[in-house]
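For reference, the chain that follows is the form predicted alone, supplied as structure tokens.
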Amino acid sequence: MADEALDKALNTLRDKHVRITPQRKLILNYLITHHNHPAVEVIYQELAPQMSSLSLATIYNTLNLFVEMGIVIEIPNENGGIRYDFFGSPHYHAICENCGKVTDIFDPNFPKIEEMIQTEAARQSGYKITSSHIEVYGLCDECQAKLAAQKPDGAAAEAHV
């Protein structure tokens, strides 16, 4: 499936007359095969040993291009930074309010839900809606378990662990 997603994304770039460089292909493949929603620095740490010509500037420029082309999205994180996510299949995110973990949620109804939200937003605001990004927040399994272990009765708490 990763090869198919990579081929489709590369074809999208070619269709938009974007040159496929080894650096772009490497970064794109990383995003497709890793669902860790990485920051630029994480991508650099992971890929620099594989390609000595890869720089932070190249990664920033490549990610900006991918975002502009609509194949990668930016996810703001809790520290004010940006994480990146390959957006080959429409999905939304569940984000842990405690640790910041981001989980991809794939739902066959998502495109219809997103269209309904965009239509209603346009109707109420008068905006020409060009895109949307949907997130839901809560506590991941790991943080729920930590919180439950801290409470003698197992009741949920709203404190950071």
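Residue numbers run from 1 along the displayed sequence. Predicted model only: the values in this text are computed from it and were never measured. So that the term is clear: the rigid core is the largest set of C-alpha atoms that superpose within 1.5 Å between two forms.
The protein also exists as the form predicted together with a further copy of the same chain; that form is not presented, and the subsequent description refers to it.
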property	result
a further copy of the same chain in the predicted complex reached by all of Phe106, Met116 and Lys128, non-hydrogen atom within 4.5 Å	yes
Listed residue (Gln124, Thr33, Gln50, Ser55) with a non-hydrogen atom within 4.5 angstroms of a further copy of the same chain in the predicted complex	Gln124
Residue contact check: Thr12 to a further copy of the same chain in the predicted complex, 4.5 Å heavy atom	no
a further copy of the same chain contact at Ser132 in the predicted complex, heavy atom, 4.5 Å	yes
Interface membership of Pro22, a further copy of the same chain in the predicted complex, 4.5 Å heavy atom rule	no
Touches a further copy of the same chain in the predicted complex: Cys96 (any heavy atom, 4.5 Å)	yes
Core-superposed comparison between this form and the one not shown, Gln23 Cα displacement 2 Å or beyond	no
Flag for Gln144, CA shift 2 Å or larger between this form and the one not shown after aligning core	yes
